[in-house]
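This document opens with one chain alone, in structure tokens, the form predicted alone.
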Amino acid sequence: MKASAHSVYVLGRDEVPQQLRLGAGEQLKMTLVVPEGVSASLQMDIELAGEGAQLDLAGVYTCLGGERLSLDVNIRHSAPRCTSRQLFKGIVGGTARAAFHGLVYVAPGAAQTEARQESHALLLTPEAFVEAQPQLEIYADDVVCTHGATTGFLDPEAVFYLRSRGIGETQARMMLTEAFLAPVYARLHED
């Protein structure tokens, strides 16, 4: 895999690569978009096999009806001085169900690895459901690895703040939802 450009894939429209291998010094920036109405199960396995390989992976999903979405992302750091960054953000409403299962594996000898894994979801209805399982499996010393996940509803105080400034409730909720997804959507306009 020789890549340095930004690749954007729309699930349900594009064929998303499910197994990738980055060699020494190779870089991959990829953004995955799951539009409203798409139910799918996707498993991605990406290996950083050469020294200094870099992965920047982000995803955004919108499930507002009865969609079923499962994202399984496994990143394997097999060589030293590799970097991976993952950021997944989603909006889930209606009776939709979404799941993110992520694993960052750091092999023995993959010293000076830097890995960051995040999954954040916003629930719009009490019937919506999100499961997030970020995981780290580390077998090397001298690494910096983090992972985290959040799932919750819009902050009522933020909605109130916008409403107290003359913005209607529907518009306030829309603005907050768009702001939540903005870090991933901004990537779609990068070169």
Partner chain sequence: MSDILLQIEDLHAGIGEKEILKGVNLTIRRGEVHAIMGPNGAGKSTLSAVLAGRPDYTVTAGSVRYAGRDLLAMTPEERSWAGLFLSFQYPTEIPGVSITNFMKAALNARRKAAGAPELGAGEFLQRLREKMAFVQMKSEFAKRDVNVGFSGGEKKRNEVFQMAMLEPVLSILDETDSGLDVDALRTVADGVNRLRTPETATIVITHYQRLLDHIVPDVVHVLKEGRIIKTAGRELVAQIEEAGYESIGA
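Please read these numbers as outputs of a predicted model, since none were measured by experiment. Positions refer to the first chain, counted from 1.
Another form, the form predicted in complex with its partner chain, is not on view; read the next lines as being about it.
Within 4.5 Å, heavy atoms only, one stretch in 159-167, 144-152, 43-51, 23-31 touches its partner chain in the model of the complex. Which? That would be 159-167.
Quick check on Ala179: any heavy atom within 4.5 Å of its partner chain in the model of the complex? Yes, Ala179 sits close enough to its partner chain in the model of the complex that at least one of its heavy atoms falls within 4.5 Å.
Does its partner chain come within 4.5 Å of any heavy atom of Gln171 in the model of the complex? Flag for Gln171 set to yes.
Quick one: does Met175 come within 4.5 Å of its partner chain in the model of the complex, counting heavy atoms only? Yes, contact at 4.5 Å.
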